[in-house]
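Below, in structure tokens: the form predicted alone, a single chain.
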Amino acid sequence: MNGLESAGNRVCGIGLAGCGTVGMGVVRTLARNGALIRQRLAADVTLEVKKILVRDLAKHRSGEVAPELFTRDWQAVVEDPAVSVVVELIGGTDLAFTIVARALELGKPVVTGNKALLAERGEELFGLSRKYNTPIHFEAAVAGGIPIIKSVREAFVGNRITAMTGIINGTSNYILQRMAEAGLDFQSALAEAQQLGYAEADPTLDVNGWDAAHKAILLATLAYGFPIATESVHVLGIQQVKPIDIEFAKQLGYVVKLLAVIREHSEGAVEIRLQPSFVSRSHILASVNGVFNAVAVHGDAVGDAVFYGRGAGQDPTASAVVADLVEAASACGAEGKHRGFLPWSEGGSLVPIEDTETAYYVRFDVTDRLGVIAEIAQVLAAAKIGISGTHSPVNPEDPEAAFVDMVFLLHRCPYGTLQQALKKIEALDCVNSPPVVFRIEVL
């Protein structure tokens, strides 16, 4: 039975899988605002944590939770009759999948913040959700405390969403900002982010782009209704960004952002990609700094809307989890179709990354000798790629020193055409390493 009756009050029992930073944030938010939530529900429902899955029973948790609620047995959490809603916050895709799948089989709504799980195994889980008519709620999986999932699913239900563009990884955004403000190189900015707790000890998924890519996949699936395979999405991280790129962008009136781009094309195919990009300083996304996130949505009816806020952290993420919990608790025991998200389209297609078009900034590591520019330009001309400018940075402290980086600004062309030309350029004797490419976005 979903919910327990007690003196006229319906208790919605919560099984919490994971009690780390976000899990404790959920516990604290419910303790702090439980009475307020009951008032706003306009129903006599109490959200009450019944079981908590943890890895280490001996870990000190400051006495905020009764010790008897903790267990290392995931089945004791999911299968407890007192648990009505299961909250998955352990991360990963193995045990998390098992927990979520079992909860759905038992008809228990699931709340999760696990973007990797949904991006990589969402098709299976949404299939179970449909089969057992039991919802999966995942507001916390994208952009922390920003209510972008609920907005796209509900507020924009009457819109054809033509584009979503976002800065949806706070760690990378902080690193790029510090490189711009303080002139730090990538490694120094990353070390600072780790010192301040903005980056994990292992920051791989943040800096290689895949944390943001998982979120972009969920947004695209939500907007266009069909499952998207992770291997079909083009993802580039920020590891190759240098201070020279930041400075050159500044001179041209741009800032560098790790940008998620989701766009519907006229024939209905969807473009989805994630990469460092030049964004005009006049665009609102250029002013999104630090660990903040922002998502710009364009709908055919609503026009442009921008969502901004903290994309991570204990309280913002816990806020999103609790919002989903309230929705799940309100629906517990209700008759009819559940309101959780399911892919709704029978099929869809992605635009091949080779067919996507922008202008480009390309940096080459070259040997300083006569004819370098001409050799590179000759290959680009043969590929019918226009050049809008070239630049050879000079060290102001030693103007006579040999340059090692050559920058080309290129006109709009298909990405596949550019890649073919760059392979030929990379084979030139004067080019020492693979070229670094930034897209110049028109938003």
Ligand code: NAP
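Since this is a predicted model, take the numbers as computed values, not measurements. One rule holds for the numbers: they count along the sequence shown, beginning at 1.
What comes next is about the form predicted together with the named molecule, which is not displayed.
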Assert contact residue (the named molecule, in the predicted bound form, non-hydrogen atom within 4.5 Å, options Ala312, Ile146, Leu176, Ile161) equals Ala312
From the list Arg55, Lys384, Arg32, His411, which entry has a heavy atom within 4.5 Å of the named molecule in the predicted bound form? Arg55
Check all three, Ala103, Arg121 and Leu128, heavy atom within 4.5 Å of the named molecule in the predicted bound form: no
Please check if Gln420 has a heavy atom lying within 4.5 Å of any heavy atom of the named molecule in the predicted bound form. no
Ala201 versus the named molecule, in the predicted bound form: is there a non-hydrogen atom within 4.5 Å? yes
Taking the named molecule as it sits in the predicted bound form, is Thr165 near enough to touch it, meaning that at least one heavy atom pair lies within 4.5 angstroms? no
Against the named molecule in the predicted bound form, would Gly13 count as a contact residue? Criterion: heavy atoms within 4.5 Å. no
Per contact check vs the named molecule in the predicted bound form (non-hydrogen atom within 4.5 angstroms), the hit among 148-156, 301-309, 106-114, 128-136 is 106-114
Using a 4.5 Å cut-off on heavy atoms, what residues in 89-122 are near the named molecule in the predicted bound form? Leu89, Ile90, Gly91, Leu95, Gly113, Asn114, Lys115
